[in-house]
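Take a look at this single chain in structure tokens; it is the form predicted on its own.
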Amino acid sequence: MIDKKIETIKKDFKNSPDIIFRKIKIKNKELLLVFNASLTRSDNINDFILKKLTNFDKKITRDNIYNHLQNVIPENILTDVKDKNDLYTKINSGFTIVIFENGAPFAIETKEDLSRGVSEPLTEKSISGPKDAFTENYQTNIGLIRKRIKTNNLVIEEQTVGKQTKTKVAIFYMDNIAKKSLVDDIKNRIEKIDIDGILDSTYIKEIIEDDHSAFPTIETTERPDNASLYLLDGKVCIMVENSPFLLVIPTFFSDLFHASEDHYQSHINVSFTRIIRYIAFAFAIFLPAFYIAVTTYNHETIPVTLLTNFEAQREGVPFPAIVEALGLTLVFEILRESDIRMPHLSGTAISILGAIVLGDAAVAAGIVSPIMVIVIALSSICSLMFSHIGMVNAIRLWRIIFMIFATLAGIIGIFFALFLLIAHLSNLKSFGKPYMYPLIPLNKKFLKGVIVKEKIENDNKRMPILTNKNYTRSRL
């Protein structure tokens, strides 16, 4: 009987070499252990199963052994097997299956820890504040939030997504803060996902977001402290198994101008830095377009001396300003991408050398003007002030759009492109919430808080768009 079960499982797993079958005898009764050697830890099998059955002195039946193990090992480690699909899912999830000649099998969790340890954030670095970051380990990530929010009001609801990967997806929210309608909307969207596999949180993000825009309408974070702050504001976080990035819902445009460092510096310093970020955003998008406009159409907008200097530098350059700008932008993006893809030890050195050599050679050869190199470099560097890669990519796209409109109609074209940008941002929504809040619709009280940082004792109200209860932070 057991041999027949072995053959069936071997056939279904296509004789995979890491599926191990081990027969054990207890008082002349034969049991079968089935596990995936790649996903299980032999010490766990020995401690939770073999050692516990060594001194078993009752009659050998499925129920007796199940009850015995239930009394001597943690309850959440032992679980029933519902059907064949559940059996195979548990084998591929690091469980050891105990099979009897008669009676239903059951599973014992014996997972090997295949994830990296908790390390520092890589994309959201800060000088001050906590230094731990999410990893690919699902339970570890839950613990990193639990140790910060020690209340039963933190709710975690779990779903399984992906027909083949069967990936765990957890929805985090504060039951006494978050709006129920927002939580229900998120759960419904996740339940409707019909896909073979979920390998990262970005799969969920792309499927459930409202509008597919270059600007991110769902923020991601790898920092547990950020996730905890978002939850306390009334937002909802989505954690995906095997992904070190949590999704934050909803996301507002102003959130992208905030950094992790903001929570751990004085309000004066943070306010100054935030204003710089807004100025950098304007420079990143407008500067190349403005240069093209004033050198091509609107000569009267700058002093004659400066205009003469620009024209002298462009003398001998065979290409129009738009070709110069697009060419340099392309070269900068290639250098940025190569820096990201190259090994850490050599990538930065090569990109710096490439930028210096290529820029100097291009100017010396008369292909581009020195001022254009400065304009594109300054614009590109300003965009790198934002840690969210989606924001950087959106700035890159709209920079090119503004350059094209400036080439077609000068300053008037820039104003038309600005109108399109404002209309686009105003029309975006993040799970039904206006993306430009608190600017559109206007909420003066919270508008000040997104531009400058208020003192902690004054920042005691939650946005009404995120909660309909417990508006005051100190009255939970």
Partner chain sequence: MKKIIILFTTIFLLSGCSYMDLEDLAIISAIGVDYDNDKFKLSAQVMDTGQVENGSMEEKSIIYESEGETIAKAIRNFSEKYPKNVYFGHLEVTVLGKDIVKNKISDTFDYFMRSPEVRSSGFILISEEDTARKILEPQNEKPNSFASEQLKSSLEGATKRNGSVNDITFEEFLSNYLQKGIDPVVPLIKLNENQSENKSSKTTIENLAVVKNNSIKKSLNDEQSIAYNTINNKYYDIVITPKHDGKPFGALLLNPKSKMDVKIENNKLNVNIKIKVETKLNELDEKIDPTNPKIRNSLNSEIKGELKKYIKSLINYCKDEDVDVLGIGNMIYKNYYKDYDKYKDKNLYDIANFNISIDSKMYRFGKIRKGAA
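On a predicted model such as this, the values are computed, not experimentally measured, just so you know. Numbering follows the first chain given and starts at 1.
The discussion below concerns the form predicted together with the partner chain, not included here.
Among heavy atoms of Glu337, none comes within 4.5 Å of the partner chain in the predicted bound form. The shortest heavy atom separation between Phe416 and the partner chain in the predicted bound form is within 4.5 Å.
In the predicted bound form, the partner chain sits within 4.5 Å of a heavy atom belonging to Phe405. Contact annotation: His299 falls within 4.5 Å of the partner chain in the predicted bound form, judged by heavy atom distances. In terms of contact with the partner chain in the predicted bound form, the residue from Ile60, Ile451, Ile412, Ala37 that brings a heavy atom within 4.5 Å is Ile412. For the options His388, Lys179, Lys168, Arg314, the residue carrying a heavy atom within 4.5 angstroms of the partner chain in the predicted bound form is Arg314. Picking from 101-109, 320-328, 135-143, 195-203 the stretch near the partner chain in the predicted bound form, with a 4.5 Å limit on heavy atoms, gives 320-328.
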